[in-house]
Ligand SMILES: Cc1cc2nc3c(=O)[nH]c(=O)nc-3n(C[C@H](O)[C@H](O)[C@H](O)COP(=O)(O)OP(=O)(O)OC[C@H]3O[C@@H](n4cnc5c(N)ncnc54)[C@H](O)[C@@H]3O)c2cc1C
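Before any questions on how it binds or moves, here is one chain, the form predicted on its own, in structure tokens.
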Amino acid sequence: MVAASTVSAPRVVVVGGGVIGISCAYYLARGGARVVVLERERLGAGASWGNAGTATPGHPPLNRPGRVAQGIRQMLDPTSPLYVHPSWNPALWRWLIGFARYCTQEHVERAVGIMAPLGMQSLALFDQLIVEERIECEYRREGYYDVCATEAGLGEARHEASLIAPHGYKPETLDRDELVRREPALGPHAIGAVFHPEASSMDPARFLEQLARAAERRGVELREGVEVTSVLIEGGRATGVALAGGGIERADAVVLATGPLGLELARRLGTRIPVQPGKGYHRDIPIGPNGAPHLRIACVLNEASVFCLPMETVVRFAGTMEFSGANRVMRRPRLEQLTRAGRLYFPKIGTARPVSEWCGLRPMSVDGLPIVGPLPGVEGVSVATGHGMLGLTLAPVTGQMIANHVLATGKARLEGLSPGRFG
């Protein structure tokens, strides 16, 4: 929280201009703070610009029973949903060992108990933002289908549905006939699905851009191409940040929303943030006779872990999980896996060339839960990272939680998300 003497109009520096950082800035400004966002590249340069564009709350973390065995089978196959690039990366291998420790049913149930209510709140905040700020981003509150091609996949989808149902979610199991009636573009491989009505979809780049403009209207200063090298501490409290080139940005509070990069800033302050970059990809296929079909609403192809997002003129095929370090190397087999998975479920996809291909790095926490809240042992520094594949989903509620904590204006709801939980 900010010092008492600055409560009337505290100055807050947010480090990172992705959807999490911009959401934090927006809600801080909405609460009366003077905010500057410092982004070392351009806004949305990480995973925020080209992600799957779906807000899908309530689902279990990546850490699940059986995930390790499944990962071992897939990890060296460059065309599998999960791929670990063979290399000597001690930090990644330590992270993977830690990840395995959380792959228990007890942890899954605990995580769902934390995440499900936050997801519901985030959806409500999306609805509010879209209306109040007049954000035009193809926002649709129509749910999505978890489409399955195997009985094992359908069984897993039903199990996940059973975990979130007690928390106010209303998933619906569909047999093949009902599924194809609702989405005629699906082919014979689809045997059934679970429909999740509590979800929305949007163009993520347009959402980020317009939320940034809304933040500016509330007084937020957005600065791109500015690298932060350290957090300044005096008397055990943050007083600002140091910039590459020797500059200083003074502040009463600092929020580190750097995704999977820049976590060295927190480590220097004595807190280990166990996050690894998990690379995701997209391919946008134009809609048309030789391209993608006209999908009615978004869906995820269960066994392939590929999201299909219908947009104005394209269908975005997005997903996969690649652990290969902090790089943006686009591996062709990963991109081709998206198209191959799409054709398995939607056999009428043609040979039209993609109009966009992209990869981005998602911040994957070791226990599958976001890392949000104050750094222990130092006043005035908060972290908002580790959202994994749910960065867009949880961006509004994360921004609200950070603002409530920093400004002491409401219940922060940070239980179970503390950066200090890893020791």
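Everything numeric here is computed off the predicted structure, so don't read it as measured data. Residue numbers here begin at 1 and follow the sequence given.
Heads up, the form predicted in complex with the named molecule isn't pictured, but that's what we're talking about next.
Taking Ala47, Ala33, Val372, Val381 one by one, only a single residue has any non-hydrogen atom within 4.5 Å of the named molecule in the predicted complex, and it is Ala47. Here is the short version: of Gly58, Pro61, Pro363, Pro396, the single residue with a heavy atom within 4.5 Å of the named molecule in the predicted complex is Pro363. The chain is drawn here without the named molecule; in the predicted complex, the stretch among 288 to 296, 223 to 231, 159 to 167, 181 to 189 whose residues come within 4.5 Å of it by any heavy atom is 223 to 231. Contact annotation for the candidate site: Val84, Gln276 and Leu301 all lie away from the named molecule in the predicted complex (no heavy atom within 4.5 Å). Taking non-hydrogen atoms only, Gly368 never approaches the named molecule to within 4.5 angstroms in the predicted complex. Among heavy atoms of Gly259, some come within 4.5 Å of the named molecule in the predicted complex. In the predicted complex, Gly388 approaches the named molecule with a heavy atom inside 4.5 Å. Put simply, Val15 is close to the named molecule in the predicted complex: some heavy atom of it is within 4.5 Å.
Taking a 4.5 Å heavy atom cutoff to the named molecule in the predicted complex, the contacting residues in 33 to 62 are Leu38, Glu39, Arg40, Glu41, Arg42, Ala45, Gly46, Ala47, Ser48, Asn51, Ala52, Gly53, Thr54.
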